[in-house]
Structure formats: C-alpha cells, structure tokens
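The chain that follows stands alone, in the form predicted on its own, written as structure tokens.
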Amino acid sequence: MAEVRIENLVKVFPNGTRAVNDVSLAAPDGEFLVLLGPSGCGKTTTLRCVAGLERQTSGDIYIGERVVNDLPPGERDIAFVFQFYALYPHLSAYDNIAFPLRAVGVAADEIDRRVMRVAETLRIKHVLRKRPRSMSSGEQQRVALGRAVIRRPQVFLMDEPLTNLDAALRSDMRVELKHLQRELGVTTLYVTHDQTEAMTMGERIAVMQLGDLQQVGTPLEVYQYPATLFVASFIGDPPMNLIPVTLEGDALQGASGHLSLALAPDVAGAIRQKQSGPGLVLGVRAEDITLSGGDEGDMRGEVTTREPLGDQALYSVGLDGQFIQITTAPTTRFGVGDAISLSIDRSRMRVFDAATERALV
C-alpha cells in the first residue's frame, strides 16, 4: 500500500482548455479520499493523470516514494474502476475477474482460490459462470470491482463507479465499497459528483471547481466550515443560505433593513481587517436558523412554502428578494403568508468576502 501525492498538477488540453490548475493533494497510505465537484471541474482528469491515462502538462505524481510521471499505467501498480464497468463481453464473470492474474502468469490453483475469495466477499459467487449480458447492473459492477480488487494493487482509482445503479442498490454498494476498502487497507481515490456519496464514504473530501482545488477536509469540516462560496453552495441539501450584507459598525446589515445581525466587536474587527471591499456574504445553514412568530430575531420575512419531510419540515421564507431555507421540527406550524422572525446561531455562521469568495470568519 502507498501514499498518493500530487504536486502542482496542471493539465491543459491541445484545444487550450485548462482542465486542472496547479492542484496539490495528498492521500496518506490507506485513506479513502473523494474528489467531489460538478461535471467539468477537473476531478476525472486528475484521476486519469494519476492512472497514467492522461499525461499532465506539468507537475509531479508520486505513488509511494516513486515519481510515476513517465510510467505507463501498467507499471504504476494501480487498479482503475470505470463508470461503465468495461467488462469483456465474451468472458464469464469468473474469467473477467481472473484476467489480471492470468496476464502476469499466476498459477491456476492460486487464481481459483483468489477468485472464489473475492466472489464471496462481493457476494457474486452465483454469477461466476455468467457473461456480462446476462447479469444485472449491480452484478456487473461487483464483477468490475472484483477484477480490480484481485490484483491487490497499491492504489484504487474509482471514477463514479455507482452512477449507473438505481438508488437502493447505490446505497447498498456505498456500504460494501467502504467496508471492502477498510478491510483491504488500500489507498483509494474516488471521483463523484454526488455529495451523498462523498459525505458518507470519504475520510476526507477534496472539492474541485473549474480546475481549482477549493477545499480539502473531513466531511464535517467542509459542511460546517466551507472555505469558499462555491463549497458553501455545493455542499448540503438544502445548500447553505447565502445573503448579501454589508458591515456597518459592529453589525451585518441586509439590503433593505430586514436583516440586522449584531456581532461581537472582535469579530466585526476581524472582518473589517480582512475584507477586500464593502461587499460581504453571510452564510448560514438551514438548521442553524430558528423561527418564531414574535418580533424578536435577526431578520423578518414571510413564509412562502412549507414542505413536510417526515422527521423535519423545510420552510422557505422570502427575504430581500431571495428565499431563505430553514429546517425545523415537524411539529413547527407556520402557514404560507405568515410574517415570522428568524434568529441565527452566531456560532455556526460564516462570512465571505464577495470579491474573493473566500471565508473571512
């Protein structure tokens, strides 16, 4: 097993598209690191550079102590699991899984022992004699994983391997993949655009956008303490509420006076010292706002929708031309059109610089 380290990685395609922009990232030995972001953010290109399927324009890639910049994929000791399985259609599941071992001349009895062990772990012994066309999507995905696992590589690279599965199977496979990775202890880089996968599977998450690395941290860190406006808006369901404000004295003020949020003098001073211009953005999670029917609170608004979700209710409240989303206990009852007060948990809020889009406090 080995650490994966990326230093100042840049990838520019021949048409001039800059897919990866000076990304530095490390996954310690045995870590499950998720690369998360929307389509076109550079996460798959980064993974393909690590695999050797793309040649980086500049920068260095280490697997263990080796610089692998010039090594072909077959010499990097990695296993790549693709989104579209890439199984050999004319081979049975058994032969698909065994293929990497046969390619390097492993003895037949050892191949059989390892195939059966992998098949038992992935619960696919019943499909070993089937060909891909007679298997379900979930079974094909397990076979593709088995083919990767059986090689016992130093690193697993996985590019959205669960995208083509239905919701229930995707949930089951998340659990199985995480369990398998912990059991094997193999360093894993996992690419996805699905924040649920990232939050439930990753020990750490690297959030990317337009080729830039926005933030790296544990799932809790990127959720509670987003470093940029993009991370704040991308992570969370519903995403973080983002409200344009200005700092006047020791208080954050909304555009039309419906929001007035008093700050401790030292917090206001820190914001004033760090901000690059007058524009600020207040970020607050839906669960960190409380509703009341009185006049006490940090802002006033009007209920536009209420969505019961079983264990909670999701309110949308109109404020200064935008909608603020709040989650409450299901027993909270306000009707559409009700004027209400909203109070913000100051210990959980974030303030961003509108120009740099970076978090200030």
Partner chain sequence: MSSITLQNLTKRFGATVAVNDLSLHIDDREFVVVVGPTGAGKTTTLRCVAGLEKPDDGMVLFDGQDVRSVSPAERDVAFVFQNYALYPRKTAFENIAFPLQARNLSAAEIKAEVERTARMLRIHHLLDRRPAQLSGGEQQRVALGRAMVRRPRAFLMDEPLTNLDFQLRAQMRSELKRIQRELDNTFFYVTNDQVEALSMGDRIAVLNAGTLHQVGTPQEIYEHPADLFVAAFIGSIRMNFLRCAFIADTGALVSADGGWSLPAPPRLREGAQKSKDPGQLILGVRPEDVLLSTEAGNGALEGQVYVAEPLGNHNVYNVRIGPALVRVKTPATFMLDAEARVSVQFNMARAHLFDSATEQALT
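Positions refer to the first chain, counted from 1. Computed from a prediction, not measured in an experiment: that's the story for all the values here. For the two forms, the rigid core is made up of the largest set of C-alpha atoms that agree within 1.5 Å on superposition.
Another form, the form predicted together with the partner chain, is not on view; read the next lines as being about it.
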Requested in this report: Check whether Ser171 has any heavy atom within 4.5 Å of a heavy atom of the partner chain in the predicted bound form, and answer yes or no.
Outcome: yes
Query raised in the report: in the predicted bound form, does Thr44 have a heavy atom within 4.5 Å of the partner chain?
Result: no
Query raised in the report: Just to confirm, Asp311 within 4.5 Å of the partner chain in the predicted bound form by heavy atoms?
Result: yes
Query raised in the report: So in the predicted bound form, does any heavy atom of Val67 sit within 4.5 Å of the partner chain?
Result: no
Report task. May I ask you to choose, among Ala227, Met199, Leu247, Val127, the residue with a heavy atom within 4.5 Å of the partner chain in the predicted bound form? Result -> Met199
**Report entry** Partner-contacting position among Pro239, Gly254, Pro153, Gly217 - heavy atom within 4.5 Å of the partner chain in the predicted bound form
**Finding:** Pro239
Report task. Report whether all of Glu296, Phe334 and Arg358 sit within 4.5 Å of the partner chain in the predicted bound form, measuring from non-hydrogen atoms. Result -> no
Query raised in the report: Counting only heavy atoms and a 4.5 Å cutoff, which of 179-187, 206-214, 108-116, 266-274 contacts the partner chain in the predicted bound form?
Result: 179-187
Report task. Could you check whether the CA atom of Thr188 moves 2 Å or more between this form and the one not shown, using the rigid core for the fit? Result -> no
**Report entry** Flag for Gly138, CA shift 2 Å or larger between this form and the one not shown after aligning core
**Finding:** yes
